[in-house]
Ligand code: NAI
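Take a look at this single chain in structure tokens; it is the form predicted alone.
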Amino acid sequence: MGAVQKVLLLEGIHMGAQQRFQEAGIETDLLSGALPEIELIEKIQGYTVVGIRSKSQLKESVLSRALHLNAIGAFCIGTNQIDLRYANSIGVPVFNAPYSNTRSVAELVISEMIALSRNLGDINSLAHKGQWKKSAKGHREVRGKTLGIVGYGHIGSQVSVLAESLGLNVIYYDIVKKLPLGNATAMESMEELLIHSDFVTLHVPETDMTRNMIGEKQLESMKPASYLINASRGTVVVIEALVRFLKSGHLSGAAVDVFPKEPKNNQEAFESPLCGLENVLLTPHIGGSTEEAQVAIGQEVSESLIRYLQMGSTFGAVNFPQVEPGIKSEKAQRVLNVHKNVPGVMKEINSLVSNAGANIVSQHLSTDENIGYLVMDFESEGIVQLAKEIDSMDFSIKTRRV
């Protein structure tokens, strides 16, 4: 319960995160790549916290053999590589970085939109081969064109602002009503957006609703000679259908940064039906891969993890009840307890506290449908034994002291 914290960071997470943990007195190891499941299970046995990006898979089959974990850091926006529900059930909060790479992804989308409109990918490739292909035919400015944004969250709204500054007309669609920025206009449906857009850019999470969201029907609805940009999730677009509409000329080009199947590392070969098609920009999931974004992500997630490890704060956790207990006094001892959300828990815990003669300075409780998260500060002796008694109760999932 009061074990020394030790952090494992995988997939080349920026060294700034390791430095921040070490400054906080937390031992940290850094690995450059992802690990296969069996190796991952074996490796994380010696750690209480694991940090990953998008390649590592922390599913139930892994987490069920890592019940000692106290927290998980997703050093990225997406968390679909983690079984959030199971992590919740074993008392493990997951923290991500919903804001830090917003600008980097938005800038990539804007640059790809201009590159597609000027066919820069193919022209650059030909020039490197010694071919001089100078022509204005089919090359257009983006000014005055219509950009359709599907998903108007942190990234989509940032793209909206940048695009409008370039003189584009911006329309957007989101399943949740969002306040438009600048002169952007909300559409009533995605179909309406597809019909009117010269460029369509996707900024949605991976869910059952978004899986294969852009298929034959949607691509057919898109404006002739328009362009598709996907920097969201690889499962959102049906690649085979996209290939057909590119080859037919219905779409003038596409930029794809995410794929249904991606190499696990830089040594593994990349394959896609999109390879070799004209005016198709393929990038290796680099939307958030800028030095600035990686520094910011490292700082954001490491700070969240440190606050949880040292204070018990779950503010910003994507799968956990939100508690922000603040800094405890020097005289206080803090006990953190995750328990099943069933009737009578607090009565039993308070009974144990009363029997121990402990003096509660503060108490914070938050629940979701499955679990409750309790933070208690004491100014009393014998708290180590009290924490053990709370942890041994049938409803307790995880208890620790800070």
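Note that residue numbering follows the sequence shown and begins at 1. Computed from a prediction, not measured in an experiment: that's the story for all the values here.
Keep in mind that the form predicted together with the ligand is missing from the display, and what follows is about it.
Residue in contact with the ligand in the predicted complex (any heavy atom within 4.5 Å), chosen from Gln294, Ser226, Ser160, Ser232: Ser232.
The contact with the ligand in the predicted complex, taken as any heavy atom within 4.5 Å, belongs to Val204 out of Leu251, Val204, Ala184, Val323. Of the stretches 299-307, 99-107, 133-141, 238-246, only 99-107 has residues with a heavy atom within 4.5 Å of the ligand in the predicted complex.
Remark: all three candidate residues (Gly151, Ile155 and Tyr173) come within 4.5 Å of the ligand in the predicted complex, counting heavy atoms only. In the predicted complex, the ligand sits within 4.5 Å of a heavy atom belonging to Met209. In the predicted complex, Lys145 stays away from the ligand, with no heavy atom inside 4.5 Å. Remark: Leu193 does not count among the residues lining the ligand in the predicted complex, judged by a heavy atom distance of 4.5 Å or less. Contact annotation for Ala115: none of its heavy atoms lies within 4.5 Å of the ligand in the predicted complex. Using a 4.5 Å cut-off on any heavy atom, the residues of 284-300 that reach the ligand in the predicted complex are, in sequence order, His285, Ile286, Gly287, Gly288.
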